[in-house]
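A lone chain, given as structure tokens: the form predicted alone.
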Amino acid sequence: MKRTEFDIKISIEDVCRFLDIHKKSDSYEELLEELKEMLPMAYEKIEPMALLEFGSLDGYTVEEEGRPIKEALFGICTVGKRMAEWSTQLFAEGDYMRGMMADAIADNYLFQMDTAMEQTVIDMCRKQGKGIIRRIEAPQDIPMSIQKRAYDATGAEQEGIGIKPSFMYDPVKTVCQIYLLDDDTSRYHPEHDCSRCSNLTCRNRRIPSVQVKVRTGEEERRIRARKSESLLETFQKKDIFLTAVCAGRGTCGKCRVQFLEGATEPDEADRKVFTEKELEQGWRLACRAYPKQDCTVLLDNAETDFFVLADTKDGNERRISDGTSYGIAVDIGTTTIAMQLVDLSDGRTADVYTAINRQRAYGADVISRIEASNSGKKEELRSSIRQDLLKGIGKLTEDNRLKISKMVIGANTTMVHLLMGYSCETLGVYPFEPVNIDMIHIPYRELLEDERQDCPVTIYPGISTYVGGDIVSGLYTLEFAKREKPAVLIDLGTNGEMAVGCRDGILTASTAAGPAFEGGNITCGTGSIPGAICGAVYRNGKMETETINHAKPSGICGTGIIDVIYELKKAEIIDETGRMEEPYFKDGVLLSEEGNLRFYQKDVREIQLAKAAVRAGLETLAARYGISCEDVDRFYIAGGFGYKMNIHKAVDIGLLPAQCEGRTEAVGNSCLQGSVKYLLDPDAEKETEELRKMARELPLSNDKMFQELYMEYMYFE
């Protein structure tokens, strides 16, 4: 096979590195300018060509794991004679620096040709029914005479390439690769293995990838992983998302995987999370596992989507007609994404889709996502949320058979920034300034870079960096701007936002509650998915639990956490300071023998911090508004967590004030409801903007009352 078309851009940075041209050098700018001037001439002179052909290794002793290898794919790559002649001419003229630059440019192009050829090599071998064991090169792996074998096999002479008695090629900027083959088509390793190379000072030195077989249930997927990257990083790039609420720091213990083959050595973080028996069974944290060899990995908590049929008002099954005009309402939560297909003619819900926000793999809270974006993963995060939305749209529209007329999205400010591709650099540092919190109108195709739908998309405006469009949507659907008496909205999602007000004005705040009530930072915590422990009762020295959909226990979600804390307090297993009695202080309380799910002292502390922030924030907000909790007409608890929460137990553990009992209404996903209402209300934009203008934020971080109440509500009274 002959290939001459390559879309390669010479890397100025790599060429400078190869030539030891440093920015601190006095002549750096001058040399850089000269290099840039040479590039157009280099592109004119480079004549790339790659030749590939199968052949025999007869006469050479090549073994792999004690067995002889007889088949190979030979490859020869060159940048052509004109490039070699150019560098030779420059040296002959005494222009040594430009001659060295020409050499380095040619080497960089050859290096990139190598990478560009990998998929072609794999495709050829796959068609031939052959796997690639590894790649070898002369003279370190095999005698130089093999280059003559490759020369003859590929027909290089007919392509104008010469060979010398020393088996070196002419032109000099020509290289040879030998790919060792066998019948195992489950592995393909066409890359150069720098770990086997004796040239330790090579500036192009790189550690090759390994093959990882990823199993989830009965499914298996094969991916390539760099030895220099953790499995968690590799999975993120391959759209495999594990929960990693600590953003890969090795502290949360959530990104559990089991090596069935090729296990990495456990490190200190692994030993803190797993028992010796579990380590022997191959359990590791994906964020601490750097595979050095081919391996097989079983995923423990890969985030999966779940599709829910809507409960329509008349109880009928799903009704979808091609002639109907549809809209899609969206709530992008930090943990969960909810979407609803709406019949715009009558407001009827046609379908609902709910899924884990796979950005959770970059951290459980907005601060982790902001840090990830600022550390170079902005496009990865944007791609992640786009893919999640496209998957949901595909489900709701029967693979885009149904055409959408419009779409409305509610989300917190950070989620909007990540979706729009805005910089997050100013979100996480004082004075916490967003790029844009105004109402956004954008074409579907521009927002999602997808041609299968063509409709306008509206994104709710926010109030501040930490009180976003999701709260504005909730306030709009609950008609706060029209209420005569003050009401309170509490969104106990990942961030803990709240608002108090009526038509006289609205005051909002965001508390640093963290993701504890959505399972984040809890040792065995999880989102509200099938199998999550959602309720608990302590009887006869044992915690009896209930799971969502009565599925096999997989972790504990927010409602289960409140129940467990309430039961532990009632049984006096934790005291008023939150300290667990022995032996639970060390071993935790067993929730389920299946999966060894436990609730630990650390988890109690996480809930103390979260509930103190919520309770103190609520009472401070009411006081600064000029009322007490006694004056609140209605408390609205938003979010799927609030919808199932036992208010009595939440009051008992100090999460909510006593006034909430009898005056609380769980409103479910108020953000999604607001997005649906916006789709159907022709005056939605006007009313939303008026509501936003009458709302203001109360900063709690420097509020003395908040700080005092926060310390007080740390206790379990």
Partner chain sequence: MDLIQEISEYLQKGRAKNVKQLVQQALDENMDPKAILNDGLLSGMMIIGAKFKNNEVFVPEVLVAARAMNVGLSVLEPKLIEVGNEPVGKAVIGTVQGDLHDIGKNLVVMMLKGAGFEIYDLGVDVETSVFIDKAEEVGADIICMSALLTTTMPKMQDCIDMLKERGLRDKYIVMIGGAPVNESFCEQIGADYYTPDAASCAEVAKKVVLEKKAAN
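Positions refer to the first chain, counted from 1. Because the structure is a prediction, the values reported are computed rather than measured.
One more form of this protein exists, namely the form predicted in complex with its partner chain; it is left out here, but the text below deals with it.
Look at 254-262, 337-345, 101-109, 365-373: in the model of the complex, residues with non-hydrogen atoms within 4.5 angstroms of its partner chain sit in 365-373. In the model of the complex, V429 approaches its partner chain with a heavy atom inside 4.5 Å. Within this chain, E219 is remote from the site of its partner chain in the model of the complex, having no heavy atom within 4.5 Å.
Contact between Q601 and its partner chain in the model of the complex is found at the 4.5 Å heavy atom cutoff. Put simply, I8 is far from its partner chain in the model of the complex: not one heavy atom of it is within 4.5 Å. Proximity to its partner chain in the model of the complex, defined as a heavy atom within 4.5 Å, singles out one entry of R249, R634, R271, K238, which is R249. Residues R605, Q608, L609 are the ones in 605-624 with at least one heavy atom within 4.5 Å of its partner chain in the model of the complex, listed in sequence order.
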